[in-house]
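The chain below stands alone, shown as structure tokens; this is the form predicted on its own.
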């Protein structure tokens, strides 16, 4: 069993990610007794310890309130601050001094991706990587070449089993439930293949815009920010073969095989959109061609999924905020009843709701009362109550501190995922405008038309 880290070094401690997600997670871990170690915050601004403590307290209050004053006091008492430039060796010397007596630190890079390599090199040069772990926020690279370069730089300093690539989506309870549903039940397996599945849709919609993240979005866009990581991870869990054992190395192996089996995207298999007014957002170029919406048609070249289309879409300022998966099954092979193969409706399907709530639905046709053999589609709907569940960052940070790699991305999987989108990162259709509150450009409807129509998560919001 891996040894637990005995200190956490948080680079980017004054940033938005720390304020919104990391501080509440560390507070929750403190309440459980899982964070009983020094926390060294590192950032460029020259803040006093008191100012950092106020920032932490404000974060926790906004995330749900302080319900354990003793735990908050413990957390703040363990929190130290080092101010400095990540390019300056003196900064790492100060971190080393703060870590005096620590043997197994975990370094969390909650900083812009442009600083990852510099910071990792600084850790290595200062001797801070021995018996240490490094936790790296997404995006891990911005294309295949940069992902490979970042992996090379990280491996010069840390072994692969000490590199924890965070995608917070993997820490969501509803995402973990997809894996559990598939392999804890026997009934899905006989139909979970090209013989019975007509198509699969994955939608991640947000009803808000980029806000103050215009500068970031200009460097990323929806394809890089959401589809290449979050939605590809969902696809991998849905499409992977059964793992060979209970150990998560087997899960990583099967997921990596799916990424490698994904056919590289072509420009004709994607639609890029941009919501009205995006170019007027702060820090956005007046002639920006960055997509705030993206839809793709993905194929997986495997025995199980040959010929089955996977439709993925995500966007800002859409009709609702929700993430859902729709696995649509093929119609019965023989038309015994006139309405058993609906022209404009859906055949049987499985629906996974990932957010804002967690749910599973199975749709089947049932006969309506009367002498005629006509029916309607009904859902068997199971809603899972997640009150009190761990937040993704609480789970992932806790796992990283004890060396559990189960919910983190592996080197080969990261590079294989980038290889799928690499052909269209530069050679792609121009963005199409779409109205706020819509479902994106109409061209996305044409993309999916050969296999049906998009599922509308908003229509299921009341269920």
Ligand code: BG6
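Residue numbers count along the first chain shown, from 1. Values in this document were obtained by computation on a predicted structure and should not be read as measured data.
Beyond the structure shown, there is the form predicted together with this ligand, which is absent from this document and is the topic of what follows.
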property	result
Exercise: residue 297 in contact with this ligand in the predicted complex, heavy atom 4.5 Å	no
Residue 208: touches this ligand in the predicted complex, heavy atom cutoff 4.5 angstroms	yes
4.5 Å heavy atom contact, residue 131 to this ligand in the predicted complex	no
Residue 169: touches this ligand in the predicted complex, heavy atom cutoff 4.5 angstroms	yes
Full three-residue contact with this ligand in the predicted complex, heavy atom 4.5 Å, for 252, 255 and 416	no
The unique member of 155, 78, 213, 148 whose heavy atoms fall within 4.5 Å of this ligand in the predicted complex	213
Option touching this ligand, based on a heavy atom within 4.5 Å in the predicted complex, out of 138, 142, 353, 365	138
Residue stretch of 193-201, 226-234, 80-88, 287-295 approaching this ligand in the predicted complex, non-hydrogen atom distance within 4.5 Å	226-234
